[in-house]
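Encoded as structure tokens, the following chain is the form predicted alone, with no partner shown.
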């Protein structure tokens, strides 16, 4: 193999694929990134056997070939090269790649490309989605997926295609996030659902640029894998086995209190309360007070307290319908939701202190988050 690439392109490509490299791989070759020439491109691939990422960068190829190099070592070297042409030359006898850039000359020992696992190849796109829409749907659900493996199915995001509607949902037992959208160019005759690891979807969202107008999706066939494809990058992920819980049953259908407030105001109040709520398992108190008389604004107060460090109270004007409310929630959960709502105003609904709180953008029904309450201690 003998090829030349631009340092900035190589660095960007390595930063993309390195996300699929495990810090403690089960096989030495899994700590490596695959470099392979393809026509006038250099293919970079990495995998942990569950998640695989491949990206392509432009290259001047003088001699075809392939090799795997230690991902961390190679990325650190490339990131510290000067921003100019990088020449790569493989010595097949020693499986060593000579890296030249300007006056810098390095040699990196690798492992034969034949030892690198086969990465599943996707066929044609089964469906395409606008890049920004898919990125938003992922970002508005993955945060609610479980981080622990106690119930592996909850570490994934339930994804369903039904007719022209796609639904994503994630839950960790304490909160639920559901996002729906309509497909413009595809309709499914019968529902298709799967559970995709949240980590894999987070990587998909991370690689989608504003320039990626469309993202192609190859749905599971004989193998339980799903592939997402942008112009230069492909992400392939194994699916999770098991049945995702019926989340529709826990979404409240009615409420006794509905509070509409500016999203940024509530987010700032929650962030201030969280500074003190950390000492009490992130538990913060919310007081919702309807207006005293017609025409006046209602109020929502967010309180975070620490027995050792003090407390914070934030009062915000709000539009309140229904009964007064005093409830306690994990303030981190509220912040996570508010961080992914771009809308100007948000609605908080509840049926009382022992019932879940429901957050959704004002005027929209395609995104909803349900948060279980925490016990209120006097």
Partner chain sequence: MHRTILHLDLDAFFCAVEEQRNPALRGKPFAVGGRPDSRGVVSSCSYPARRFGIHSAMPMARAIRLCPDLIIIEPHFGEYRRASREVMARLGALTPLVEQISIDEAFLDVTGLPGTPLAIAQGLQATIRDELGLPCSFGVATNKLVAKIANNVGKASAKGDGPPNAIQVVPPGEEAAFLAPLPIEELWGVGPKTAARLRQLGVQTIGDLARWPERELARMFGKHGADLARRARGIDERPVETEHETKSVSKEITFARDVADGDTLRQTLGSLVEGVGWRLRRSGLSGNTVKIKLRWSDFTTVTRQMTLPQAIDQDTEILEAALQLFEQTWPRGRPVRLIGVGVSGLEEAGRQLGLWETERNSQSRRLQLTLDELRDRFGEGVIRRGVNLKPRRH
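Numbering follows the first chain given and starts at 1. None of these values were measured; they are calculated from a predicted model.
Unshown form predicted in complex with its partner chain; subsequent notes refer to it.
Proximity to its partner chain in the predicted bound form, defined as a heavy atom within 4.5 Å, singles out one entry of 173, 242, 130, 117, which is 173.
Residue 283 is the only one of 155, 218, 263, 283 with a heavy atom lying within 4.5 Å of its partner chain in the predicted bound form. In the predicted bound form, residue 330 approaches its partner chain with a heavy atom inside 4.5 Å. Although the partner is absent here, residue 372 sits close enough that one of its heavy atoms falls within 4.5 Å of its partner chain in the predicted bound form.
In the predicted bound form, its partner chain sits within 4.5 Å of a heavy atom of residue 354. Put simply, residue 89 is far from its partner chain in the predicted bound form: not one heavy atom of it is within 4.5 Å.
Remark: of stretches 98-106, 160-168, 174-182, 79-87, the one touching its partner chain in the predicted bound form is 174-182 (heavy atom within 4.5 Å). If you check its partner chain in the predicted bound form, you find no heavy atom from any of 288, 360 and 365 within 4.5 Å. Contacts to its partner chain in the predicted bound form (heavy atom within 4.5 Å) from stretch 26-50: none.
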